[in-house]
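The chain below stands alone and is given in structure tokens; this is the form predicted on its own.
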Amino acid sequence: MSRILDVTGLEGGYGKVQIMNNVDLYVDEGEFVTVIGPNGCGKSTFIKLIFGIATYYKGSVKHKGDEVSGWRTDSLVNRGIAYVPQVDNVFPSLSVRENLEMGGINLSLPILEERITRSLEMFEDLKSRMNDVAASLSGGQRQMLAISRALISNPDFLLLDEPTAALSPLYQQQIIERIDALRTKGITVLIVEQNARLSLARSDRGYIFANGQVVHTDKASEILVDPHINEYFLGTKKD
């Protein structure tokens, strides 16, 4: 098993405001890894640092053994890394098809069509909505569209920032199941999630952040049954 992501001593934030402090984290090929923690702990900032849209200070970010610290997002996409943000992740005035086409704007038409077809295999709900504007989709369908568009770049490593936020329980379950299923397509997943229990149930390993640092890491199955973690991070206190 090869290492897709290896982060050591990562620090960064927004401008001169430091958020992340000496973070170490890794993801192996084929894994589903979840980052959890309280609001404001730096989860989203961390994933933005990896993808080059927060301010990198120092530390090492390696993708498949190559140093990519502070790289531009287009260079990271060309390496096979894709990112789905929590908000503003679709173009609401464009149709579903046009949104998908934006994910492969530099591809030839035959390759683009092939990748659109392949991405829709995972999100068949969108097939009947191809000509509808994205603004008319439900929250869950928009999230499916955002992930589908990210797949157009043919990534092998997918970063997701709270993909189930503000969705109904049904759509939350569907989104997590389909993200997990991407592993059968050779895609490794690193996800930041507020719904910790739902995501950890599908994960191989988990990391807990607090105050911009990793405070705990373990197998996801162990985190789910740890009484202290349940009380403070998963919202269920055990006597």
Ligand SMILES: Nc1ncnc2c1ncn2[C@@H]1O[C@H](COP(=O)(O)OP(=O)(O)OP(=O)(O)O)[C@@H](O)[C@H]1O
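For clarity, every value in this text was computed on a predicted model and none was experimentally measured. Start at 1 with the first residue shown and count on from there.
Below: the form predicted together with this ligand, not depicted.
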property: Contact assignment for this ligand in the predicted complex, among Q213, S69, Q172, S44, heavy atom within 4.5 Å; result: S44
property: T8, Y57 and T73 all contacting this ligand in the predicted complex, non-hydrogen atom within 4.5 Å; result: no
property: Partner contact for V23 in the predicted complex: this ligand, 4.5 angstroms, heavy atom; result: no
property: Partner contact for Q86 in the predicted complex: this ligand, 4.5 angstroms, heavy atom; result: yes
property: I19: touches this ligand in the predicted complex, heavy atom cutoff 4.5 angstroms; result: yes
property: Interface membership of G40, this ligand in the predicted complex, 4.5 Å heavy atom rule; result: yes
property: Which of 61 to 69, 181 to 189, 23 to 31, 44 to 52 sits within 4.5 Å of this ligand in the predicted complex, heavy atom basis; result: 44 to 52
property: Residues of stretch 147 to 169 in contact with this ligand in the predicted complex (4.5 Å, non-hydrogen atom); result: E162
